[in-house]
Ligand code: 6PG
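A single chain comes next, written as structure tokens; it is the form predicted alone.
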């Protein structure tokens, strides 16, 4: 049976990507408002991939811009490919074009992973230090709490760059690591389960029929995080919400929230 914390995750189901993204934009705005009202600022870790892009585009529309205090948000990334910032495969580039440029976000509020550096272990350590600096936490201690972390999920059950059967899945101390993904023959830098699970709010966005089997296995199947890394993401004291479309949710048996 699935872990109890996975079963307590909130599941919200939508007809398609557009409706899902619109609802996620509402949730994003609400959580940022709550964070800034409570703490005066907000820390957000963005996700890459095709599904979050539509969310970013919606947030940047004239109808949405005024609903968020953008100048109070510090933007980070959950993971990045080992490519330059202007590369078509860069998670940073996608979010910058779809959201940050449209909103004229100040450069000192944008915290990019420099995953193209030759030594990705050093790049990961520097990113951990940057997180610690901005979130005002000791860089070698307990992970600080992001206000909001956006995550996707692949058809293989991976999230961020936590891929099946990779060493990073066993990481318990470092917040950010460099890694090689054998199945894709690619290099990445990613946040690890400890810092992701420290977040106040985790928002998963999953769309498409190709994700249906993995989504059902992650949320309702036996606990097997080496095969299904998304099962590692179980917030310690925060909340986790899954925004899924009908195609991705086709094999779920849990009743969705209204």
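Positions refer to the first chain, counted from 1. What you see is a predicted model, and the numbers here were worked out from it, not measured in a lab.
Form predicted together with the ligand: not shown, discussed below.
Chemist: 79, 159 and 188 - do all three of these have some heavy atom no more than 4.5 Å from the ligand in the model of the complex?
Modeler: Yes, each of 79, 159 and 188 comes within 4.5 Å of the ligand in the model of the complex.
Chemist: Which of 221, 225, 49, 194 has a heavy atom within 4.5 Å of the ligand in the model of the complex?
Modeler: Of the candidates 221, 225, 49, 194, 49 is the one lying within 4.5 Å of the ligand in the model of the complex.
Chemist: Quick one: which of 173-181, 124-132, 148-156, 100-108 gets within 4.5 Å of the ligand in the model of the complex, going by heavy atoms?
Modeler: The contacting stretch is 148-156.
Chemist: Answer yes if any heavy atom of residue 91 is within 4.5 Å of a heavy atom of the ligand in the model of the complex; otherwise answer no.
Modeler: Residue 91: contacts the ligand in the model of the complex.
Chemist: Quick one: is residue 201 in contact with the ligand in the model of the complex, heavy atoms, 4.5 Å cut-off?
Modeler: The answer is no: residue 201 has no heavy atom within 4.5 Å of the ligand.
Chemist: May I ask you to list the residues of 215-239 that have any heavy atom within 4.5 angstroms of the ligand in the model of the complex, in sequence order?
Modeler: Contacts from 215-239: none.
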